[in-house]
Each structure stands twice: as structure tokens, then as C-alpha cells.
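Read the single chain below, which is given as C-alpha cells and is the form predicted alone.
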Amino acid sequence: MKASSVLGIIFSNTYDENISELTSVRTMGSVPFAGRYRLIDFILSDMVNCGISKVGISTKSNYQSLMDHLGSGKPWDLSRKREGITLLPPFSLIGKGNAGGMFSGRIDAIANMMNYISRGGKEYVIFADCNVVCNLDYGKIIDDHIESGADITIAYKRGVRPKLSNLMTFELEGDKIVKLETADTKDTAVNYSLNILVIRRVLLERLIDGAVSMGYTSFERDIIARNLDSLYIRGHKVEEYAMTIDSLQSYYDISMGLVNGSYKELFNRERTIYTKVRDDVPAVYGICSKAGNSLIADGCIIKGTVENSILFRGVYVAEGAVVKDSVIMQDTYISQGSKINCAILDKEVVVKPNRELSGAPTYPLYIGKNITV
């Protein structure tokens, strides 16, 4: 694959409403994950690892933390005079009475960035969302698309459909998609889209221009489904680790899966996941501390007990405090004698002495950013 011929586009805000607890102050792309990463790191690293050097990030709201995290793109080797990383504005350029307002759907969003895509001069475009935690070989997806002669390739997995609006499920004959639905399905195994899509740029320009002129709004129904008969739209089955976040519960479950065996599936030596570096001292463990089966980031101070949990940078667990089956985000302070169980604590939470915060594996407790309990 000639990586120089591919432009990457990442939607940072798609499905924010599905985990509104975590996205009320940030985008989906900047949601913390796995102790030191943000969700956008996985998609962005996948693109960089296959050699893509020009990436546009579609933004819409609450993207200050995303800007702070991405910076110039240096951790991903995207700090360049030419190409590199570009944050795309959320303002719509089309629609009656909507010019200057926020875009209102994927077709509108893509139409808004078509000048950037066209001037980029790349032959192919690959789209992706930030709510899929994965470490995929994008080069293989793109190569398969080119070798097959397909017009559009959609990466998919087989399993129970995530509870996301407008998520495509489809039936195939060989690798060709012959039937597509976007409605909710029962809890049975289906082929569901990972919203990773490859398309030739000139075809994308034609499809978006046509959709805008017809007043279409749904990329899935009005572009993909309408063209199943006229275009060769194929599916690329993903066998590697790829988990879709569709709720706070799924975020918790996927996080807990990392400490229970899936960490090695997500992080491997073949494809590194890059992130913004925060220089910090190693984690410090007190004489009476106990820690097991956990991901504990640099800068943590552990004087109590931590079991089966994920602790981000700078977390303090005081003497006598117990943290079990929980996700504790950056710079949170857990005071002496407090007990945390099946909980998600956002950044800079302060838990006062002798408090007990407990959820359940099927209903984790969430405490918002900067809250003192």
C-alpha cells in the first residue's frame, strides 16, 4: 500500500450521547482509557502505524481537552510543515438557514470538510470513529479494498450489535454487502459495522455532492443503503481485538476486561499505541500497601489496597483505603479508610476519609470530574 495516497478522517464526537457521563466535559475522542491513553489514540495510532501522514480530526463540541491532548501531533509523528494533523471546525457550510451553524449529521460533516479532502490530493480516504477500542492493521484493510476493486469497504465484526443509533448491520454474499439495516436488532449474532470505511476520493466527492443536492442527511441510509445495487460495497471482517463502546456500562466492562486478560490483545509489539507523554516518577508503593491484577500508571502513590482496578497517573490511595474493580482517573485522591468498589471516578475527584462508594459489576457507580465526596 502506498500510504502517501491515503487521507485519514477521524470523527471525534460521534456517539457522545451514549456515554454522556464521560462526555459532558469532553469529546468521545478525549475520554481517558487504560490508565494513560485517550480513545482517539487507538484510531490515530492505527493510521500512523500503516503510514498515513495526513489526518483530519472532525470536531463539534467540548473539544478543548482534545486540542490539549493532540497539540501539534508530535507523539504520533504528525508535527510537520506539510500534511500532519488538522482539527476541522464544526461549522456547517450548507443547508437552508444552517450556514454558520453546527453540522447536523455525517453527510453535513463530510460536506463541510470536502474542501480539505479535495485539496489534500489523496487518492483514497479512510473514515473512523473514536468509540472503537482496537489495534488494527489499517494497511491490510486498505490493501484489500484496492485489490478487490471495491467502491467502498466497511470493516465489520460479527457479534451482538452494539446499542448505537444508525449503526449498520448487513448480510453478505461472499464479501459483497447485499442487505443493510440500521435499526436495532435482537441480541443475536450479526455482522455490525465498526464505522471504519475506505473509499476513493473522487467517488466520495460525487456521492456527497449528490446527497447534498437531494437534501439527504443519513450517510448510512441515503448513501450506503441506496447504492448497494449500483456500487460494489464490500465488508472486511475484523478478527483482531476491536470493542465498541456504546454506554458507560460497556466502557466499564471493556476497561475491566483489560485487567482480566485482554490487555495483551490490545497492546502488542507489532503496532504501538502512541499518546501524549506526561513525564512523571514511577508509582510509589507504601510498606503496608497491597496491589494485584491492576494497571497502575506512573505518578501514583499506593499506601492502601488496590485490586483488579485501573489507576491513571497521579492517583493517591491513602493508608487503609481499598479500591476494587474500579477505574480511577488522573489525580484523584482517596483518603484514609475509604472503600471504592465497582466505580468509575473521573479526574481530580477527592474522596474524604472513611467514605464507602459502591456500585455493582452490572451497574458501576460514576463520580464526575472535580467532585468531592
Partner chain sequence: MAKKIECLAMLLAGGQGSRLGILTKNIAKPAVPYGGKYRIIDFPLSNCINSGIETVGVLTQYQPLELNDYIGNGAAWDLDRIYGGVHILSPYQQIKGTQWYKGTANAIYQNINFIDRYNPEYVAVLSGDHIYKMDYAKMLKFHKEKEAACTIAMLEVPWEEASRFGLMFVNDDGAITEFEEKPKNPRSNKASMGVYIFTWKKLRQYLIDDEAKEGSGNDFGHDVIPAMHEAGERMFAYQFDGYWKDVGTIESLWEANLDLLNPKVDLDLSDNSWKIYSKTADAPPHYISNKAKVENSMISEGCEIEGDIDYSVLFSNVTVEEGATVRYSIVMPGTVVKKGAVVEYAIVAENAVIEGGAHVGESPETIANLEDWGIAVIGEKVTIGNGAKVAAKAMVDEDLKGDEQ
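Please read these numbers as outputs of a predicted model, since none were measured by experiment. Positions refer to the first chain, counted from 1.
Beyond the structure shown, there is the form predicted together with the partner chain, which is absent from this document and is the topic of what follows.
Although the partner chain is omitted here, in the model of the complex all of Lys264, Val277 and Ile296 have a heavy atom within 4.5 Å of it.
Figure note: of the listed segments 47-55, 27-35, 332-340, 316-324, the one touching the partner chain in the model of the complex, with heavy atoms no more than 4.5 Å away, is 27-35.
Only one of the listed residues (Val178, Ala189, Met214, Cys288) places a non-hydrogen atom within 4.5 angstroms of the partner chain in the model of the complex, and that residue is Cys288. A single residue from the set Val202, Val284, Val160, Ala183 has any heavy atom within 4.5 angstroms of the partner chain in the model of the complex; that residue is Val284. At a distance threshold of 4.5 angstroms between non-hydrogen atoms, Val259 is in contact with the partner chain in the model of the complex.
By the criterion of a heavy atom within 4.5 Å, Ser148 is excluded from the residues contacting the partner chain in the model of the complex.
The partner chain is not shown here, but in the model of the complex it comes within 4.5 Å of a heavy atom of Thr272. In the model of the complex, the partner chain stays beyond 4.5 Å of every heavy atom belonging to Arg234. Contacts between stretch 59-76 and the partner chain, counted in the model of the complex as any heavy atom lying within 4.5 Å, involve Lys74 alone.
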